[in-house]
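Next up: just one chain, as structure tokens, the form predicted on its own.
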């Protein structure tokens, strides 16, 4: 998974379908989901770009993307935000369901 920050965010999300895992070190649910998201990256990484962004140090970028709560999984298609999954109850199966909408 590609680590995003304010310097590379626009470039990395500009083309194709991109999943961005917004997370924070104080978000326990984010840390619980991370191995599942990494497993999805292994499974679907040929078709979708997987990235993660630690909001610490990138809060303005997260706010600009309307990420107000964690965990948040946001999908971009050619630079446009197209899906936003969020909440403590977020499950890996929900993330995979959205991924399947974008893979052939």
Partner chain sequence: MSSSSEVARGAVCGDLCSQGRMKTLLIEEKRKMGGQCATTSELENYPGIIEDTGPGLMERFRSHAEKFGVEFERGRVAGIEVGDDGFHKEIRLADERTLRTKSIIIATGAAPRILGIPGEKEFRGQGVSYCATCDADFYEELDVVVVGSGNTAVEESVFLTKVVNKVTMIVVHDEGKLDADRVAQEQAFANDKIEFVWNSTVDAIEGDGLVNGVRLRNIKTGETQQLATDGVFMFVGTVPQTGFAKDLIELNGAGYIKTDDKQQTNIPGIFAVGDVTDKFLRQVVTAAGDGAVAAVAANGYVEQEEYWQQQVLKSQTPVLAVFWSPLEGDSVQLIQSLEEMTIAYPDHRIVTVDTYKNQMLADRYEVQEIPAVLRFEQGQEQLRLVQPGAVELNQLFQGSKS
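A quick note: this is a predicted structure, and the numbers were derived from the prediction, not measured. Residue numbers count along the first chain shown, from 1.
FYI, the form predicted together with its partner chain isn't displayed, but the following is about it.
- Taking the partner from elsewhere, residue 16 is found to have every heavy atom lying beyond 4.5 Å of its partner chain in the model of the complex.
- Looking at residue 89, you'd find a heavy atom of it within 4.5 angstroms of its partner chain in the model of the complex.
- Of the heavy atoms in residue 67, some are within 4.5 Å of its partner chain in the model of the complex.
- Looking at residue 55, you'd find a heavy atom of it within 4.5 angstroms of its partner chain in the model of the complex.
- No member of the trio 11, 40 and 47 reaches its partner chain in the model of the complex with any non-hydrogen atom inside 4.5 Å.
- Contacts with its partner chain in the model of the complex, taken as any heavy atom within 4.5 Å, map within 58-84 to 59, 62, 63, 66, 67, 68, 69, 70, 72, 81, 84.
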